[in-house]
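Consider the single chain below, provided in structure tokens and representing the form predicted on its own.
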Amino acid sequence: MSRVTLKHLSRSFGPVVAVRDLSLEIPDGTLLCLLGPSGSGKTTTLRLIAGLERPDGGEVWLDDDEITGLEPRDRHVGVMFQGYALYPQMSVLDNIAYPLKVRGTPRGERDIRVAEVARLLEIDGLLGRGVQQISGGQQQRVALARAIVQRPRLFLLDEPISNLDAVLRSTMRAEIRRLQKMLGATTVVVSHDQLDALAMADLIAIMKDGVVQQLGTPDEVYDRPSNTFVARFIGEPQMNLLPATIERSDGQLGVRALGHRLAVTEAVSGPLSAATRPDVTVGVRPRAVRIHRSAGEGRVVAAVYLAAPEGSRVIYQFQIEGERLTVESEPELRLNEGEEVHLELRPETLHFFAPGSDGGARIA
């Protein structure tokens, strides 16, 4: 497969900037997920790599070959579109074989390669059927087979499982990951769903307004989000972001949030001390907050505002000093609306950002 390098890519549509000075490298054999909300530039980036869009500036490289000016058919990439783009009048076999046919691959070789990829994806029993006679999940496998059969240098998948139901999506996340590792294929996947990215990707590039906000492994973007946009976009339920103020008491640094003083670790004391202004944003994951029925040092009194059981967990919203705090709990703990409890926000679980709810940079 191939290493992909994007150098200062830009693309605008009239006054709308879709991709802004984007540079990143995708190592050989890596599955990169371009993740972001609608309009963030992720699909335009994929189309620039595929050659379906031409950049206003910048370069696209595969290994040591610049392919910026090449036609899509000359780039040796396999593309799977969100709507699968299957030919309804053709059989499953003919859909898979079509890209080989238009390139003039001999019939015997076409048949061998189609049979191989059909067995790999466990659709060899469907080859004689029309694509309108098979399920959505099976159509998804046919579209994947059509991309794989070309033996491309690079796979590009645009929202490959967004049309599937929740149960099948979970299955296909694992299937795409398995196939990608089996083939050793450098792959770029576009998704708006952070669960897709966390489950499938080696690297995640989180995009907003045509700019990569953070590039990292799933653990890196979850554990150390680069700014408040990433902090809210990665993780479900979303990270709580709370206005806070840095303060000192008896020579000890802390922050005041939710009407209480919260302790901080030594590791973050330095960066907080160096902050140029006293106001910060504190982030805390819902699953990091501990619920207690009794008071204790550093615990915050809170009243249950809303309880939402979800089978394997319960999502609570607590009312504290005019703020709402979302907390994830084990299903065994059942609290009633209006009930008062005590919440523990442990110092080692807190994140600190520059003030601002949509892009404040990480401090510690």
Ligand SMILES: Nc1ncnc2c1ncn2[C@@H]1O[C@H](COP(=O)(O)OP(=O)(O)OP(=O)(O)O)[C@@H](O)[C@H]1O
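Numbering starts at 1 and runs along the sequence shown. Computed from a predicted model, the values in this text were never measured in an experiment.
Keep in mind that the form predicted together with the named molecule is not shown, yet the notes after this line are about it.
The named molecule in the predicted complex is not approached by P309, whose heavy atoms all lie more than 4.5 angstroms from it.
Taking the partner from the other structure, the named molecule in the predicted complex has no heavy atom within 4.5 Å of any heavy atom of S329. Proximity of T68 to the named molecule in the predicted complex falls outside the 4.5 Å heavy atom cutoff. Residue contact check for G57: none of its heavy atoms lie within 4.5 Å of the named molecule in the predicted complex. Exactly one of the stretches 310 to 318, 43 to 51, 329 to 337, 297 to 305 approaches the named molecule in the predicted complex with heavy atoms within 4.5 Å, and it is 43 to 51. Of all the residues from 144 to 178, the single one having a non-hydrogen atom no more than 4.5 Å from the named molecule in the predicted complex is E159.
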